[in-house]
Structures are given as structure tokens and as C-alpha cells.
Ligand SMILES: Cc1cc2nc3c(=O)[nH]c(=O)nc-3n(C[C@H](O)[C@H](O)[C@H](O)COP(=O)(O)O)c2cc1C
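Single chain ahead, by itself, as C-alpha cells, in the form predicted alone.
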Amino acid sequence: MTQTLPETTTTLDVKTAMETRRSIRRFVQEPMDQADLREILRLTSLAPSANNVQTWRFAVVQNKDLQARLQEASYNQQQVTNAPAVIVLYSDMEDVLANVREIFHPGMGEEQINQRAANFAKGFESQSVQERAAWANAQANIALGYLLLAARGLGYDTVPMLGFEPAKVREILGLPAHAEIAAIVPVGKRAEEGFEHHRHNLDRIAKFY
């Protein structure tokens, strides 16, 4: 039985957003509402992370020339230029470490912030830039889930893309060489229904102890 999906921009509850999210590759050809776009990013930024590290960063592309270049760097996947906006979600652990005091709540007080910041930075001293980047990217993947649901909750649709050439994407957007790209996410209003969910049964994937 085909499920009728809500087409309204009315905010959806979390359960409905989860159940109606689809991977959409054809979008209505109209610009994104900029207030909605910013709200999607704000909600995404509420994602949790270890030590509140917030490694994620967003490159928001709404320029058709840049989108065409990103499409080429993404094995010519058409949704990159079909969407009104493309969010490149990446992590930057070197920026986090350079500004490490920012991640600690001001309510902790100056002394505790200084101590925690020093301990946090020390924990990564022995790691290479690549090792730190991999850890940071794991945190950014938490934000990716939030991004997909935040967009759907506001009546928009997405498709998370992992098929791209990272070095080319970094070059196109002027991102630092150490930046790790978690996903490219085209976003907009759906112009197709997409496939209904096809997921494993819970008993196939869960063990209860």
C-alpha cells in the first residue's frame, strides 16, 4: 500500500519526519527559503558530540556554477545541480584544537575551562592530523543524521551522498587540506516520491540482553 506523504511545510514531529524521509534526487525548481535553510542548519548544530566538540562545519552552495563543478566531482550525479541548495558537511579538527576553549560551557567557570581545554588538547597531541580528522568525522556523522531529519521536519527533502572525490571538493570550495568531508547533501522540495523504506526487520538487527 502506497503511503501518502505530507507535502506541507508545516513542521513535522520527529516520528513523522523519520517515517516519511526519503532519498530524493529530483527537486522542485524553486529557490530555498533562506530562513528555512538557516533553521535547518541551526537545528543540525544541536547534535550531540563527545566533549561537546562540535567538529562539524557547513559549506552551503546555491551557486549553479559551483554546483556544476561539484557535480563533476561527484561522478556526475544529477541531484547536485537539480537541487536548489547543496550542503557540504565536513569536519575541521584542527580548527577545534586551535579554539578549544570554545567547546566548554561558560557555566563551568574559567579555571575548569582552562583545565579541561588543556587536557582535551593533550589527548590529541600524539595523533597525526589524519587520525584526528577521522575521529572528528565520526562526530560529524552524528550531525549528518540530524541534518536529514531537520530538513524533513521543515518539509524539505535530501539525499546523503558519499560518492565524490574529496580532494576535488575541497579544492572547489577552498576548504583546508585536513578537512574531512562527511557527506554532500542536496536539499529542496521533492519533485518525486522516492522509494518507500526497505529496512531489515528489527529482529534481524537487534539483540536484547
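Numbering starts at 1 and runs along the sequence shown. Fair warning: this is a prediction, and the values are worked out from it, not measured in the lab.
Just so it is clear, the following notes concern the form predicted together with this ligand, a form of the same protein that is not shown.
The stretch that touches this ligand in the predicted complex, counting heavy atoms within 4.5 Å, is 155 to 163, out of 155 to 163, 172 to 180, 29 to 37, 53 to 61. By the criterion of a heavy atom within 4.5 Å, residue 16 is excluded from the residues contacting this ligand in the predicted complex. Residue 77 belongs to the set of residues with a heavy atom inside 4.5 Å of this ligand in the predicted complex. Contact annotation: residue 199 falls within 4.5 Å of this ligand in the predicted complex, judged by heavy atom distances. In the predicted complex, this ligand sits beyond 4.5 Å of every heavy atom of residue 189. Within 4.5 angstroms of this ligand in the predicted complex, the stretch 82 to 118 places no non-hydrogen atom at all.
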